[in-house]
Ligand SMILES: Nc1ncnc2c1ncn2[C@@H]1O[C@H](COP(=O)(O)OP(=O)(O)OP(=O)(O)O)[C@@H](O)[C@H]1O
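Just the one chain here, laid out as structure tokens, in the form predicted alone.
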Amino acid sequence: MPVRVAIAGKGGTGKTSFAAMLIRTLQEGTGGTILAVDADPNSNLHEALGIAVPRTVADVLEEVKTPGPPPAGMPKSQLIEYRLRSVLVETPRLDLLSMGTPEGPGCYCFPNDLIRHHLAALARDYDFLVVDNEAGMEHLSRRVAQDMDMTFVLSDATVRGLRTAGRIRALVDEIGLKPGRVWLVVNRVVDRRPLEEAIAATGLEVGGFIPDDKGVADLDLHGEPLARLPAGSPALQAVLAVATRAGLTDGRTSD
């Protein structure tokens, strides 16, 4: 079974940038295989990773909604799972599944259940499953990120952001998700001292602080992949410290 990691947070916290840097850290620090899942309809994890995504899960679901019988002898559920596997983008030691654009009208309960089942089956072939969740809180009830070993809740370095992080944890408890060990990660930090009271009020275990890093901002501004960050990047080093504290790496790099 893989180590299953979810990343959650409100929009604008740098959730996807953290996901990309965490994936890079796992690649360099463990040498393990990773299945990355971009569960955000505003899909841009592939851009942060520098991976092209020709088709998404949303494309598959739209195809399945089109009237017409499946191939002879193939149940509809098996057809969906086959097509989902066909949109998996494979690279050495890192594969990516992108959920794609918002669902739109109509009921997607059946396909969503199949996606969860498909992820569980597919992830068995990897050392790590990293799920970059949709921004906000309402999506958590879809349970795509159910049964995680750990969840990182991202906040920006504001009191308002930290209050949202606390509400995300409360919602996780309320709807009965199994997030594993939950860590708070505060992003773009310049001075943490004014935030200490709000951090304590979240009730979350602190995984670490990611400093405001001009290198990350510049790459994001120009749409460049974060793979281009130098090894000495303050943000990348902070993500390594978070991953080490969470027990995902031993703090060293293998590459």
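Everything quoted here is computed from the prediction, not taken from an experiment. Numbering starts at 1 and follows the sequence shown.
Just so you know, the form predicted together with the ligand exists too; it's not on screen, but the next bit is about it.
Residues T13, A135 and R188 are all found to lie within 4.5 Å of the ligand in the predicted complex, as judged by heavy atom distances. Heavy atoms of A201 never reach within 4.5 Å of the ligand in the predicted complex, leaving it off the interface. Put simply, D212 is close to the ligand in the predicted complex: some heavy atom of it is within 4.5 Å. Using a 4.5 Å cutoff between non-hydrogen atoms, A246 does not count as a contact of the ligand in the predicted complex. A residue is said to contact a partner when one of its heavy atoms sits within 4.5 Å of a partner heavy atom; V216 meets this definition for the ligand in the predicted complex. Shown alone, this chain has one stretch from 53-61, 190-198, 26-34, 203-211 that lies within 4.5 Å of the ligand in the predicted complex by heavy atoms: 203-211. Along 32-56, a single residue, D40, places a heavy atom within 4.5 Å of the ligand in the predicted complex.
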